[in-house]
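Single chain ahead, by itself, as structure tokens, in the form predicted alone.
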């Protein structure tokens, strides 16, 4: 057994390890891994530095690794595609770092009534934004929320096919596939490559008596605003299917809420609402619907509601339809819940309370104005085609570099020399769009930032 003692790792003292193994009736640590087949076990030497026994040395080592990262503080960022750089008001960080909130857990045993109220307030404000009465506690991310929404639709309709618009985020689609298999069948619906909108004829041809729901995003992953949303919902309903809409909440100050054009369930990500971009976190999905029993009974998450108590004039916050949950029904519950992203729900609530309806409208207007301004400047650069899709766009838009003779990867590499993160390369996942990239502009971008991007591209493409 190793004689090395890591002061920052609990129970790494050899004598303590021996004592623990003895208590478990084991002779070596290897016996703990006995269930893992021999051929799957790593036998080599991991590419790690020699043990750093001083916590100070370890910290310096890790900080040295982290210093190699290029951040959006140092670089000008135009990357989006699922995580977006929005401004985070200081009050969001201040409140979500308070001890009484600082946990991802949403379960009963780990919460108090103050936290219940905070979650209720978050759900109420997101509901106002979406035009729905019921909002879930946060899921891990948008992909999880979308997959759960599809499973809800399947349970409600008793059908197993879901039609998905082809303009969905490829990464999100992979997450959904994992969540719905093997019970649901996913099928793509084509999009119009001129407008970026869902192809209604292809949708009509594919919807059937097996279709539980159609799922589209508004705005789409490619930034297009779906102007046919009412038609899509009507076709779904006429065929006995539900209409599921993935919505970016930062767009809802200027776009109509999903409930207004016939959506039955809405989902999306809370990250644009006061939550920093960060690797491995910062995402949190939401699910919302009308306050009807057939929907409420199928939620896979906890729901917080307001109800009178036994004391006249007193109200309390608590679980809604508790029998759905694994706390009440164990293996017969609708789905898993427990460790989630409750902290981000509270943060989103703080952000929405700070912004208010007028703030959200100004946020959306500011983003659309910046996008329009950037497109007008970018189209003056020889070889660049923008906008590629003719429909209105929000926050993100496609730029075609085909005529420049340069690949997006090479252009982005050269933009790094100007300390700029360029657009997300679409040439692999969306080959029909050619050598294109998805650019993202939010309220953090100034007029000078946009001019800096345009000037850098002129030099890179010269």
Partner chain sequence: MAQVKIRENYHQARWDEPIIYELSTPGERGVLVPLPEQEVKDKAGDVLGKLPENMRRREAPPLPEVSQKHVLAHYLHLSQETLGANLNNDISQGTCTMKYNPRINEALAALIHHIHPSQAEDTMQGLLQIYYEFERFLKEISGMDRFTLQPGGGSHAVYTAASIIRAYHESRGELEQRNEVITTIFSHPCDAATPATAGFKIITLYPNEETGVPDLEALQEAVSERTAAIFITNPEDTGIYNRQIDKFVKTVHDAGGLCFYDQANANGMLGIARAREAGFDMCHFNVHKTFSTPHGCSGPGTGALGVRDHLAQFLPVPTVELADGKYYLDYDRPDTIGKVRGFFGVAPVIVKAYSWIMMLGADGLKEVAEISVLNNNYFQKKVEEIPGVTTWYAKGRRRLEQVRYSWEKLEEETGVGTVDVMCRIGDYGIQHYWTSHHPWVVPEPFTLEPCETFSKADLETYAAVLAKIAEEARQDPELVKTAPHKCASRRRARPEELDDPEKWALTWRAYKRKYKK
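Note that the rigid core is defined as the largest set of C-alphas that superpose within 1.5 Å between two forms. Numbering follows the first chain given and starts at 1. From a predicted model like this one, the values you see are computed outputs, not experimental measurements.
Here the subject shifts to the form predicted together with the partner chain, a form of this protein not shown in this document.
Note on contacts: among 202, 319, 192, 185, the single residue with a heavy atom within 4.5 Å of the partner chain in the predicted complex is 319. Only one of the listed residues (343, 164, 76, 232) places a non-hydrogen atom within 4.5 angstroms of the partner chain in the predicted complex, and that residue is 343. Of the heavy atoms in residue 218, some are within 4.5 Å of the partner chain in the predicted complex. At the 4.5 Å threshold, heavy atoms of residue 248 stay clear of the partner chain in the predicted complex, well away from it.
Within 4.5 Å of any heavy atom of the partner chain in the predicted complex lies no heavy atom of residue 430. Residue contact with the partner chain in the predicted complex: residue 153 places no heavy atom within 4.5 Å of it. With the partner left out here, the partner chain still marks one of 207 to 215, 156 to 164, 355 to 363, 233 to 241 in the predicted complex; by a 4.5 Å heavy atom cut-off that stretch is 355 to 363. Along 35 to 59, these residues reach a heavy atom to within 4.5 Å of the partner chain in the predicted complex: 35, 36, 37, 39, 40, 41, 42, 45, 46, 47, 48, 49, 50, 51, 52, 53, 54, 55, 58, 59. When the rigid core is held fixed, the Cα atom of residue 30 travels 2 angstroms or more between the shown form and the other one. With the core held fixed between the shown form and the other one, residue 309 has its Cα displaced by at least 2 Å. In this overlay on the rigid core, residue 9 has a C-alpha that sits 2 Å or more away from its partner position between the shown form and the other one.
The pair residue 95 and residue 59 is at least 3 angstroms closer at the CA level in the predicted complex than in the present model.
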